[in-house]
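Below, in structure tokens: the form predicted on its own, a single chain.
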């Protein structure tokens, strides 16, 4: 696929850019051109795909859904680069290398969205994960950043072992890595014919997935890693990288393990309950907005797990919509957060009076994360929950999710209350310019547009 090649080349170009351009502004300019080139490549792939086709010895599969997801997630990455390119450059002296790592991650994203072989799944996850370990520890003079990188690396290495063992067991049971092969169809034809090796392999893959998407009870690393990582990289790790893992696993579980869903659905259901409960309840007690957003990302993963739990067309559309709505809303919140001197709730007091555009756009994004109507987050939650209702299983799980969404509204509205209804003198690290305000407004408009016209995303 062109997107994989162009993103990898963009990463290489950025590495050489650091050698030839010493001024940070020049590096940022090349980085923006590079992400636009990647976006053009994904757009070309989308218009090129007329039907499902497989290539590279049947290890890569291109279809309409995959190509459209790549376009959307690259558009979100473009918004991320435009919003945070100056902040990325401030993290350290190696700003070109930071952009290179981001574009290498995108190569992993495209592999995960288009694989049809479990070896490519594994390679894609590693390409996506390893640069993030480096980005987490990029602020070398910050002890918390070093701790975040080490913790992320150790947990990631442990998870890789579990995932690889799960893939090995599935291969041992089927004799194939091809998730669309006849051997998979025969082995996973029905739950009654599922042997112990296959079952343990599926369970290990689920546990590895739990670590990668920060789902409870495998979420322990997330708050410290997201909190310690430089704020310029946290939104990228919490959104774009995470939703790519979800797309990879919905493909695996729906295409390969769908006929044996009785064997693994209860495990996913238990993860949903724990993730929503722990993520939302713990977020309520946080004093730092950044750390609250870390627990919020855990809670949001709980909703995205519904797309894997309910295997139907609505769940695929729901995950697509959730990926874009959640990513844009989180980017909008972090774009404001990174400008604040104080990350606590008190630090946001009086922001609406001093900087009304920042406060308004942040409020829209927070309302979207809470799932309030007329925002993208509302339809995102509606579709993933509707998928479960359509399946007619565990309807109590949907009721529980709605209750947890109500809990999440409390800590999101708490930030809005601080900005609009509390007296204070919110201080910024630097005064925002017109381009920054324009990007914030554009991002907020997109969040609302998805909430009013979700058909813009659904295909």
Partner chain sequence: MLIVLLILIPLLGGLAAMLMPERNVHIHAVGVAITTLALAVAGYFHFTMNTPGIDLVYQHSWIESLGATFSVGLTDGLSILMVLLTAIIFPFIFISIRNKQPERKNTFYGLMLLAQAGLMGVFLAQDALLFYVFWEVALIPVYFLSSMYGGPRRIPVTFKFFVYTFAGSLIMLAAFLMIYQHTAHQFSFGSFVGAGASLEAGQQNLLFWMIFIAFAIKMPIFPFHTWQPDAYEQSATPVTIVLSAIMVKMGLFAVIRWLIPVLPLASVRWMDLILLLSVVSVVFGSIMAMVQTNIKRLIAYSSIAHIGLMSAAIFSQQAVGLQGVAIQMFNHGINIMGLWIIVSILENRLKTQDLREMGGIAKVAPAFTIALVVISLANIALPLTNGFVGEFMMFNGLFNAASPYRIAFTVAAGLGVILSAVYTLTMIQKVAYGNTNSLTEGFKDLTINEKLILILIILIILWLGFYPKMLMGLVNV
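Numbering follows the first chain given and starts at 1. Given the structure is predicted, the values throughout are model-derived calculations rather than measurements.
Keep in mind that the form predicted in complex with its partner chain is not shown, yet the notes after this line are about it.
A.B. asks: Please check if residue 453 has a heavy atom lying within 4.5 Å of any heavy atom of its partner chain in the predicted bound form.
C.D. replies: Contact with its partner chain, yes.
A.B. asks: Decide whether residue 379 counts as a contact residue for its partner chain in the predicted bound form under a heavy atom distance cut-off of 4.5 Å.
C.D. replies: Residue 379: contacts its partner chain in the predicted bound form.
A.B. asks: Might residue 207 be said to contact its partner chain in the predicted bound form, defining contact as any heavy atom within 4.5 Å?
C.D. replies: No, residue 207 is distant from the partner.
A.B. asks: Indicate whether residue 193 is a 4.5 Å heavy atom neighbour of its partner chain in the predicted bound form.
C.D. replies: It does not: once its partner chain is placed as it appears in the predicted bound form, residue 193 has no heavy atom within 4.5 Å of it.
A.B. asks: Does its partner chain come within 4.5 Å of a heavy atom in each of 383, 399 and 403 in the predicted bound form?
C.D. replies: Yes.
A.B. asks: Choose one stretch from 55 to 63, 24 to 32, 39 to 47, 410 to 418: the one whose residues place a heavy atom within 4.5 angstroms of its partner chain in the predicted bound form.
C.D. replies: Looking at the partner contacts, the answer comes out as 410 to 418.
A.B. asks: Could you tell me which one of 245, 118, 298, 370 places a heavy atom within 4.5 Å of its partner chain in the predicted bound form?
C.D. replies: Contact check passes for 370.
A.B. asks: Could you check which residue among 200, 277, 220, 374 gets a heavy atom within 4.5 Å of its partner chain in the predicted bound form?
C.D. replies: Contact check passes for 374.
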